[in-house]
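The form predicted on its own is given below as one chain in structure tokens.
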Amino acid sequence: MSIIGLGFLRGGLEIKQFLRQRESVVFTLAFPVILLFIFGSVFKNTIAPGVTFSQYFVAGMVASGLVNTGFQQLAISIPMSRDVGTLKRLRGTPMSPISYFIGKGIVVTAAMLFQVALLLGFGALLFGLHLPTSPALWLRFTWLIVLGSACSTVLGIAFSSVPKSGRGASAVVSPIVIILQFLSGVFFVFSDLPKWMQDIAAIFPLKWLTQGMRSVFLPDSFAIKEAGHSWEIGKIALILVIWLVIGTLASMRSFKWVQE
């Protein structure tokens, strides 16, 4: 069977394994919705004409969900699989690293689509989120999801070689994700952050993902509130592609079936 065919078979198995882990399913899919409900209920202030903080927060949580479902989940679960010997057994099969990466990408995308549907549904129902009304915005939303999922997946696989064991993976990965969420304007209005925080956040893809999602769900009049005073759609796409290439090369070089 081809590398891609094995990857899709692996993706189906990854989805089945994910659904069997009920605690992981609930935490991964429901946690962003719980945060949305808490923050949206507490912060109801208007941050710009026609834009409430809860609407702003939904856009950030959609982008952050890509990082949680892809980068964080994989950077923690892969070291755990390595510890129990799952990856060592896969090494003795026709499964190549690329097929394994494809399988991980499939489960991340499937989980993310379900999570996005929950966030958009609750956001529109409870917090007045305005869903896109034009095909162009839905097209932008689609390529942001595709690029964001792919980028998050390969970066999560690449970073999975950093933790020395599955037991300590969460302690290494989770603080990084939380810090990036604060820096990237998920929990706060990005333009209200100190300039040095904005400069640091601009290095990483989450900042650009959140900005891209805001361009989909917030009115064009809000673009002037961004650091660059525009949505910078072309720049967002370029930076995500650069990180996708970096993550792909890094994952191919650093991925290990067994911990050396």
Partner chain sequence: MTSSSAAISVRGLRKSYDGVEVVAGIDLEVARGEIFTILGPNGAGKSTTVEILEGYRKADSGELLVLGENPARPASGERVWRNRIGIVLQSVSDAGDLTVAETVHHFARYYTKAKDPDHVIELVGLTEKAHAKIETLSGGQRRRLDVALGIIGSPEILFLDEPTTGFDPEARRAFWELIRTLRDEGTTILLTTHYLDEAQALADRVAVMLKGRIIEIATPDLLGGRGDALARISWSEGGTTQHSESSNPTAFVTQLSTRLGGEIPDLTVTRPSLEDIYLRMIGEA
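Numbering follows the first chain given and starts at 1. Owing to the predicted nature of the structure, the values given are computational and were not obtained by experimental measurement.
From this point on, the text means the form predicted together with its partner chain, which you will not see here.
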If you check in the predicted bound form, do 234, 244 and 246 all have a non-hydrogen atom within 4.5 Å of its partner chain?
no
Just to be sure I understand the contacts: of 168, 94, 132, 121, which is the one whose heavy atoms reach within 4.5 angstroms of its partner chain in the predicted bound form?
94
Interface check vs its partner chain in the predicted bound form: of 146, 84, 126, 136, the one with a heavy atom inside 4.5 Å is 84
Can any non-hydrogen atom of residue 164 be found within 4.5 angstroms of its partner chain in the predicted bound form?
no
Partner contact for residue 25 in the predicted bound form: its partner chain, 4.5 angstroms, heavy atom
no
Is the gap between residue 176 and its partner chain in the predicted bound form 4.5 Å or less for some heavy atom pair?
no
In the predicted bound form, is there a heavy atom of its partner chain that lies within 4.5 Å of any heavy atom of residue 13, even though the partner is absent here?
yes
Based on heavy atom distances of at most 4.5 Å to its partner chain in the predicted bound form, which listed stretch, 156 to 164, 137 to 145, 85 to 93, 105 to 113, is the contact stretch?
85 to 93
Though the partner is not shown here, which residues of 18 to 47 have a heavy atom within 4.5 Å of its partner chain in the predicted bound form?
20, 21
